[in-house]
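Consider the single chain below, provided in structure tokens and representing the form predicted alone.
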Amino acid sequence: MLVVSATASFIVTIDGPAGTGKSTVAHRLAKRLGLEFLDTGAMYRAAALTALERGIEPADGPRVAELVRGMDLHFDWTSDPPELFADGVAVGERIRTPEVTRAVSAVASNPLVRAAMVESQRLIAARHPRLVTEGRDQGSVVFPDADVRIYLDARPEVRASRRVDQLRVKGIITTEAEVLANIIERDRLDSSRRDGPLVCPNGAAVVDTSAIDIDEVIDRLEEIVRDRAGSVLVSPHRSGHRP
């Protein structure tokens, strides 16, 4: 392994469009490197869930942003995958319901909400500064000075095919044409939004996953981290405590 103090701060960001496998890759890479995995998508989903439960319209940016600023969002990294808690309650699979899925886009696209969530993510990193974090603005906005910045990409048709397979496993049948259209529109919206647009962060290593499987992706990302980490040791570390 690399060599340095196990207490050193070390952050790896993984950005990229929908369907590139960022969450799965980030989770597995974190385990391999002995870091903690910050699932930012789950945080936005938790905000959407809480808004729905409290009768707040997901598109009401000011109210949802106020909600996020007042929420205690933290992870229990002793669980695998990490368990997200919102105000002391594990959100579990409730953040994966169709209702939350429909609401999360309006929540995550609002500039006021994103600003509040950036604060929450940075607070977690201040308390747990050894992270692999994934999203669409992690290396460009949230942690622009991260030790290692990575941008995952893949051709839209490949991402569509993967998404169809994922949905099929869950018993949801759709067509690649429909999913591809949604991905292309999602890319357009993510890349053109004013606040935290999807961009390749400065200095990021770009990895195209179109023609390689998940194990090869993890191997490639570990090589990148080792090459760019200098003297920083990514040693096994599980704090077990919550922010």
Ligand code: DC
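All values derive from a computational prediction rather than experimental measurement. Just count from 1 along the sequence shown to find any residue number.
Missing here is the form predicted in complex with this ligand; even so, the following discussion is about that form.
- The three marked residues, 29, 128 and 149, fail to reach this ligand in the predicted bound form, with no heavy atom of any inside 4.5 Å.
- Stretch 42-50 is the contacting one of 59-67, 205-213, 42-50, 176-184, since its residues have non-hydrogen atoms within 4.5 Å of this ligand in the predicted bound form.
- In the predicted bound form, at least one heavy atom of residue 105 sits within 4.5 Å of a heavy atom of this ligand.
- This ligand in the predicted bound form comes within 4.5 Å of no heavy atom belonging to residue 74.
- Among heavy atoms of residue 96, some come within 4.5 Å of this ligand in the predicted bound form.
- Residues of 127-141 lying near this ligand in the predicted bound form, listed in sequence order, are 134, 135, 136, 137, 138, the criterion being any heavy atom within 4.5 Å.
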